[in-house]
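Before any questions on binding or motion, here is one chain by itself as structure tokens, the form predicted on its own.
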Amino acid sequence: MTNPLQPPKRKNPILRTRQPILPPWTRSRVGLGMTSAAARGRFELQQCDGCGAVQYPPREMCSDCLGTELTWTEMSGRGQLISETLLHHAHDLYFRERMPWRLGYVKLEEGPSVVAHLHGDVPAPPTAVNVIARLDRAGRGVLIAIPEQEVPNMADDRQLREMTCDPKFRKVLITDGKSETGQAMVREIARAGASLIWVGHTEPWKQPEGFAELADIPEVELIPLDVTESRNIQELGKALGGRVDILINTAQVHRTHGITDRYGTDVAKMEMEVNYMGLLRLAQNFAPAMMSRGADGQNSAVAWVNILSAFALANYPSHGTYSASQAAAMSLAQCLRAEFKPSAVRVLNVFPGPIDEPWNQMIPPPKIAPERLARDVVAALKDGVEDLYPGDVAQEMYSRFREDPKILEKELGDG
């Protein structure tokens, strides 16, 4: 049985500093389909539209009938572990640092057999297992076989934790603790077992309901943080950048109106100043230090979370300039993800639909509650995904976006 994870020890400055090293990450273009699904927390394989066969590994045509119409389809994950091996030696630099490493061969219920990383609590073969898809440290989709039934300390498995960003025993910075979303995030991260939570706040005169209670949470330390002030962010980056394991950017300015029903550019500039330029300032001052700590074992920097909006996918005209600022932030976050890749720090972009908060009060339900959003973000960190669309509206928008972005644009334009 997996032993419960212990709080990480203070890093010994005399010992060799591990450099960020990635596992083998080259995939064919068709092979990236499994990575795309894993980035959303799904296990998908190719299924032939002609004969219905499911195949692995991914190919350009069906291995049974040679058909070329292949659809990525979600799998049940149920399977039978046929054989296993325990690696004690490896030529690859990434795995040499992490021996021994357990692998297995699993026959899936849908037909194909796959090679998967084995959770430490999976019994010896033959045995029933569940196969899940996760992103490895290189951001590529891999398969992991876990026990059929939940076991104690399941998330603490050494191999599984290599592919997740679980907040347990990690130090977390949340940039804005005064919004309803920020407060819910602080409470949920504390429940997830974070060892220290820095909570940013600005505008001392503004004391929203619930903010004062955050100081009573033992793990919380309140710090002045204003994403529009370059000097403030620079000083915090120097003081905390080398200690932050997970950064969650909840700072946002959200205003209604489009282009023609509001005169001037002041509000649009404020939205861009916080939603886009704020992210840029944070990235320039915190990302370099986090990148240098991508291989510190349990002390590693592991994730950067951006709370964006589903309106980044297509503009919602009644919230037009806000949608534009979210689209700009999404593009910037994709650049940050690419620059983080060599250091194995994951970028999680969150695209909720309308949040149940004051600036969305004129939007009819369904709306996602801040508490639900926070729970989904923590679950996504534990699953190690890259993109999250929490709530019914976000799921519907993403589905329509994948089907035809132009149709989604027209539907939002029609209100």
Partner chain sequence: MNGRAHVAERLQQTYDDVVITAPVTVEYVRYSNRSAHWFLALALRGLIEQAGVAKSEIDGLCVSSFQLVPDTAVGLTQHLGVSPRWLDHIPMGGACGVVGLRRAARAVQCGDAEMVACISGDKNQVDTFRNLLGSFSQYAQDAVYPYGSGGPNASFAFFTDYYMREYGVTREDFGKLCVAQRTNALANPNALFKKPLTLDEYLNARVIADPLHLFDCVMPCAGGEGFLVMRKQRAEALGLPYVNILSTIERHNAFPDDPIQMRAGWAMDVDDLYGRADKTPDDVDFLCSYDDYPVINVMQFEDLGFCAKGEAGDFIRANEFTWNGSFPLNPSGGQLSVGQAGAAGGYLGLVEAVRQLTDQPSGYQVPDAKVGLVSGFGMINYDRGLCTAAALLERAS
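Numbering follows the first chain given and starts at 1. Everything quoted here is computed from the prediction, not taken from an experiment.
Only in words, not in the display: the form predicted together with its partner chain, which the text now covers.
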Is its partner chain in the model of the complex near all of Glu84, Tyr105 and Val114, within 4.5 Å of a heavy atom of each? yes
At 4.5 Å between heavy atoms, only one of the stretches 261-269, 338-346, 168-176, 90-98 reaches its partner chain in the model of the complex; which one is it? 90-98
Distance check, Gly353 to its partner chain in the model of the complex, heavy atom within 4.5 Å: no
Are any of the heavy atoms in Met277 no more than 4.5 Å from a heavy atom of its partner chain in the model of the complex? no
Does its partner chain get within 4.5 angstroms of any non-hydrogen atom of Ala239 in the model of the complex? no
Does the 4.5 Å heavy atom contact test between Ala369 and its partner chain in the model of the complex come out positive? no
Pick from Gly52, Gly41, Pro57, Gly67: which has a non-hydrogen atom within 4.5 Å of its partner chain in the model of the complex? Pro57
Its partner chain: the contacting residue among Val220, Val227, Ala324, Leu143 in the model of the complex [heavy atom, 4.5 Å]: Leu143
Where, within 18-37, is there a heavy atom within 4.5 Å of its partner chain in the model of the complex? Residue list please. Pro24, Thr26, Arg27, Ser28, Val30, Gly31, Met34
